[in-house]
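There is one chain below, alone, in C-alpha cells, taken in the form predicted on its own.
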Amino acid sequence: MKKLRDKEKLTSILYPVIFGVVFCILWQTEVLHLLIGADTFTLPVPTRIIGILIDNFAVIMGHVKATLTVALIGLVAGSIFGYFLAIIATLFPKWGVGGLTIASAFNAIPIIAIAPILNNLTKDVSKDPNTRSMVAKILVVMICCTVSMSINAFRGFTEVKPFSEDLLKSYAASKKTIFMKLRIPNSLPYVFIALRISVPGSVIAALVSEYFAEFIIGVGRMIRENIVLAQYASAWAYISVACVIGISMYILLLAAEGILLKGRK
C-alpha cells in the first residue's frame, strides 16, 4: 500500500515535469509558434525571456517586492478578518449566517470592477500617491481573501463530530471550553482549504489591482505598460515572474500545511 502511494506521488510530480519540459522544447524550437500561428515578436522564445530577466534582475525584483507586499498584507489581513467573521457567525448564528451570505455575494463581483472603485474611494487617505495606491491594492486583495476564509472557517467551527461535542458536554464543559478545545482545532484543516484558494487568489488580485493603481509600480503594472508599448518580450518576462510568485507561495503553503497538520492525517 505504501509503495502504491509513493508511486502515485512520484507520477503526480513526474508527469507535469515531463509535460513542462516537452512544452518548453516545442516553444524554444518554434514548433509551438507553427502550431498556434504565432510569431517570435508576440511570443518570444524562452531564452529571450530569460535574457531579459537576467539583464533587468534588480529592477524586476523591485516590482516583485511591491507586488509581494500587497499580496501578503492583503492575504493576512483578509484571512484574519474572515476568521473573525466566522467566529461571530458561529457565536451568533441567527445574524452570522446572514452576514456570511452577504459576504459570499462579493465573490460574484469581478476584481476588475472592485479595483477602480477602491482607487477612487481611497483618494483622501494620504497626499502621497504611493500610499494611496498601496492602500487601495491591499483592500482589493483583502476583500478577495476574506470571503473564502470566512465561509471555510465557519464550516470548521460548525461541522464538528456530534459525539465529540456530546462528550465535552457530559463533562460539564462550558461553551467557551467547547469552542476553544473543539471548534477552533476542528477549524484548522478548513483554514488551509481556504488558504489554498486565497494564496493564488491574493497574487491574482494584487496583479489586477496594479493595472488600475495610481502609482506605477508592481509586476501587474509592468505587464500592462510593456504590452501597451508593444514590448512583448518584457511583458512575458514579468508574466513569468508572476507565475513564479504564485507557484512559490502555494508551495510554501503546502509545506506549512504538511508540517502543522501532520498529526491529523
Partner chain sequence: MRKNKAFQKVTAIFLSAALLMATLTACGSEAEVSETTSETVTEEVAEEVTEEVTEEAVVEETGAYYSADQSVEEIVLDAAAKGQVGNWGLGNEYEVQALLAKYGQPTTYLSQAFDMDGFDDDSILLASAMTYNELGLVKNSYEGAYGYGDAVSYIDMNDEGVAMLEDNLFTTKEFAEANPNTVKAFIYASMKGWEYACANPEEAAEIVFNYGSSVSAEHQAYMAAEVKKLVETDTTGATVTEYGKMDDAALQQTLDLAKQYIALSDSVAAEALSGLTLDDIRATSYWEEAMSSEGVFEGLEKTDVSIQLKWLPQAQFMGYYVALEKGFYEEVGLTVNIVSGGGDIGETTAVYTGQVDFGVTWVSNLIAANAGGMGLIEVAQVYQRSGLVLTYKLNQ
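This one's a predicted model, so the numbers in the text were calculated from it and none came from an experiment. Numbering follows the first chain given and starts at 1.
Although not depicted, the form predicted together with the partner chain is the subject of the following passage.
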Margin query: Since only the chain is shown here, I'm wondering whether residue 135 would be in contact with the partner chain in the predicted bound form (any heavy atom pair within 4.5 Å).
Written below: yes
Note to self: Just checking whether residue 98 would be counted as a contact of the partner chain in the predicted bound form - the rule being heavy atoms within 4.5 angstroms.
What the structure shows: yes
Note to self: Check residue 26 for me: does it contact the partner chain in the predicted bound form (non-hydrogen atoms, 4.5 angstroms)?
What the structure shows: no
Check: Is there any non-hydrogen atom of residue 30 lying within 4.5 Å of the partner chain in the predicted bound form?
Finding: no
Notebook entry, point to check: Okay, which stretch from 185-193, 86-94, 172-180, 156-164 lines the partner chain in the predicted bound form, with non-hydrogen atoms inside 4.5 Å?
Noted result: 86-94
Check: Does every residue of 240, 251 and 262 put a non-hydrogen atom within 4.5 angstroms of the partner chain in the predicted bound form?
Finding: no
Note to self: Could you pull out the residues of 135-153 that have any heavy atom within 4.5 Å of the partner chain in the predicted bound form?
What the structure shows: 135, 138, 139, 142, 143
